[in-house]
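In structure tokens, one chain follows: the form predicted alone.
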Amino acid sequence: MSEFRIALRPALGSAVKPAPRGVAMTAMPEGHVVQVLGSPQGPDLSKMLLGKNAGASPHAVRSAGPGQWFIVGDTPLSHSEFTTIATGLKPHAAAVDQSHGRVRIRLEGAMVERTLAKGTAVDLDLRMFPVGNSTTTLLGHISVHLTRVDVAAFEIMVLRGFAESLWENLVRMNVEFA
């Protein structure tokens, strides 16, 4: 791990926020994203991760597959904070700071499920995908990590290099609800 902090610039700093319609889009603060990698056959570490690392946020730990999670937050972690998390996970898992490589976008509103349904095959009905559920899926042609953070709100996490393209696609998906 690097001994210095990488200087970040907002990936969506120039993105234009569409006018409020059926769905509001927000570029979330580029705080921290820590990927936790455990054994796919190992114990479920999500409760341990919530207790030690998530602070007060109820959905700060997101499942990312067997033995994998993301810890997310709106404020950057210091080097010592990240080291504390990484050290605390041993020997069960390893931590990788993905803060510089992933961008989060929040979509919310009455038409959010219909907007997202245009780009993903995931059943977003609240009964099938309740608050707190996460999945990795395609949104159009872009791989994303999708989390329902409220009844009518989703967080989309995408690799930084695809953030502007995804934002533009989401704006087009939302045009119908103007």
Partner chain sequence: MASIISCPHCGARPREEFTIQGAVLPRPASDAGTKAWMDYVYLRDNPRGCHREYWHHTSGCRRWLVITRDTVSHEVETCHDAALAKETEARP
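This is a predicted model, so every value here is computed, not measured. Numbering follows the first chain given and starts at 1.
Separately, the form predicted in complex with the partner chain exists; it is not shown, and the next lines address it.
Although the partner chain is omitted here, in the predicted bound form none of 78, 98 and 161 has a heavy atom within 4.5 Å of it. In the predicted bound form, the partner chain lies within 4.5 Å of some heavy atom of residue 136. Within this chain, residue 111 is remote from the site of the partner chain in the predicted bound form, having no heavy atom within 4.5 Å. Although the partner is absent from this view, residue 143 contacts the partner chain in the predicted bound form, with a non-hydrogen atom inside 4.5 angstroms. Looking at residue 122, you'd find a heavy atom of it within 4.5 angstroms of the partner chain in the predicted bound form. Checked against the partner chain in the predicted bound form, the candidates 31, 132, 65, 43 yield a single residue with a heavy atom inside 4.5 Å, and that residue is 65.
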